[in-house]
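Take a look at this single chain in structure tokens; it is the form predicted alone.
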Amino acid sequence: MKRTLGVCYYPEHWPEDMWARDAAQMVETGLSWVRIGEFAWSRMEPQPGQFDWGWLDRAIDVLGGAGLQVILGTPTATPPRWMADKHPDMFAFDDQGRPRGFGSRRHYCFSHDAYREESRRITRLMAERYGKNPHVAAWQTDNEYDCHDTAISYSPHARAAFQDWCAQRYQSTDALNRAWGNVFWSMDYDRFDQIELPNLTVTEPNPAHVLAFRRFSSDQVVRFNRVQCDEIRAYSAAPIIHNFMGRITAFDHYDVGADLDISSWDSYPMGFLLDRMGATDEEKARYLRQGDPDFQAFHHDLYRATSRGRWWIMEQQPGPVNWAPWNPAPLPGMPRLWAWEAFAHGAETVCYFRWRQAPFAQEQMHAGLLQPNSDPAPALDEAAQVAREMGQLGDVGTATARVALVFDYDSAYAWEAQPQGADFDYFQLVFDCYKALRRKGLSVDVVPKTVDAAAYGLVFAPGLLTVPDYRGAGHVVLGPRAGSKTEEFSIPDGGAPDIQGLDLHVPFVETLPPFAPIPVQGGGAIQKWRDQLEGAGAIFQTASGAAAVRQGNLTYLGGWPDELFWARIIDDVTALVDIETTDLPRDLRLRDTDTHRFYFNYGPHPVDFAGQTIDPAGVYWEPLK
């Protein structure tokens, strides 16, 4: 499949006589796609039932006539002021019971039935009008579900919908009380309408209650998205996309992706480094202008799995952003590197955000490919360079890796409901494993826990709430905390871990503060979490017992490994299944495609490797032998 570049554009922000010049310059730069429309509801429908489609008709004609393919976004992330007046109770509530307000974006509650129907209506009208338009080659639903923590709402509408969800799931309050263990602290319910949302409790709420609410909240996002997909498909055969974000666990992306043709995500490496990934000060300083070496790649591999292999970058950072605590400029070459890394991980299209920097409102400090006065910004030349290189290199394909890493949203909900340790974070546990695999030069497929594990020689599945039957698969690395609860968040009747094929008992667990790791004999340590392991097959030891055991095709980790212990584990299991590893320099990462091996230097200095000197922000590729 041909790889392409695109850009996000807002024709409603600019005089109409600029559109044709912008479109011609986009094509000249080597761009093929342009996304429009996703925030323009007030321009499409200025008043209830009063429509102005003319400007959008002309914008699509101008852009398409220049040779660009249009991605048309539904505008439901920004309901206009009149919508808030019509439905004053449509706003989400935060966990302190306070309603959100108008004046920004994403100001709706997923459980508000009337707003969902308003969203269905505007989506249907757009699909009817543009579904057969030859220039509209793809659709985007809404924009960035859960941006600004908006997927989980504690509104009265959410409470009523959650009560109904519980009634459908459990059928009786007796069954719900048993499942949640409500005999504890006299939390039993007699009627479903007694059930409140798990916020504003005196102390921590019942974790089973929290887990159920998180599952419900995810289902509400899926339902909202499905409504739009159904309306679009009734009138258009063009693929449907949604743009996910980085480090979001508020809803199950696999479930949303099941209704999409293509998953995409919005990649802002430097903002993520400083805002949401828990990097150390040393890491922030080293990668300030590049972003973390593994964070983007992890999401490339994750979102590739959410829609059966088809995925895009819908928004790629081109320069300084506006929303992080600090907003430095990228090292020259990084917008090119980020695009090539996405292509190496299988992206079909990379779209830069945005074409021209806005001179007004909240994002006026967010760089684009052009400055507000239309002068080129630094990333414009880099986008053009990528386009030229793509023409020279051709399609590099998307290889299936030999190593898989399971990421499971349900497990994330569970451990967020009751972490037991202040720094136990499921996302971070899986991401630490991913980083360790990448430092060993391995290409990785991130997969759901329902994956056919036999398709891979080696599968890592740390921290799963419940564990599928992995017997007969390739080698599987589990733990810590895996199989330690039931689906309803109670300890299994037979004790933990409840894992088929593993004769192992954990009589107790402990969480470890940052200053008290447990050394592993031979090097490395267990940190944050420790399972006391009782069972045969110890392969790593601490002074007080096994750090990991192996039985058959299963290896179980008795704690959260530090960087050195991860490296030892990977060396051990890859040797067992005959997968070759390479100890990469700190800042260098690689990815194998069907045809080439790509190297990416995220460091601030040149790196000598594989007979090449790779400059900072440098990309090098070589044919696979």
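Just so we're clear, the structure is a prediction, and the values are computed from it rather than from any experiment. Residue numbers run from 1 along the displayed sequence.
Beyond what is shown, the protein has a form predicted in complex with another copy of the chain; the following relates to that form.
This chain is displayed without another copy of the chain, yet in the predicted complex the stretch 205 to 213 from 386 to 394, 205 to 213, 472 to 480, 256 to 264 comes within 4.5 Å of it by heavy atoms. Another copy of the chain is not shown here, but in the predicted complex it comes within 4.5 Å of a heavy atom of A285. Under a 4.5 angstroms non-hydrogen atom cutoff, another copy of the chain in the predicted complex lacks T542 among its neighbouring residues.
Contact between T150 and another copy of the chain in the predicted complex is found at the 4.5 Å heavy atom cutoff. In the predicted complex, another copy of the chain lies farther than 4.5 Å from every heavy atom of E117. Highlighted residues A161, W566 and D583: none comes within 4.5 Å of another copy of the chain in the predicted complex, counting any heavy atom. Only one of E363, D498, D230, E128 lies close to another copy of the chain in the predicted complex, with a heavy atom inside 4.5 Å, and it is E363. Proximity to another copy of the chain in the predicted complex, defined as a heavy atom within 4.5 Å, singles out one entry of P134, G522, G278, P514, which is P514. Contact residues in stretch 26 to 53 (any heavy atom within 4.5 Å of another copy of the chain, taken in the predicted complex) are F39, A40, W41, S42, R43, P46, Q47.
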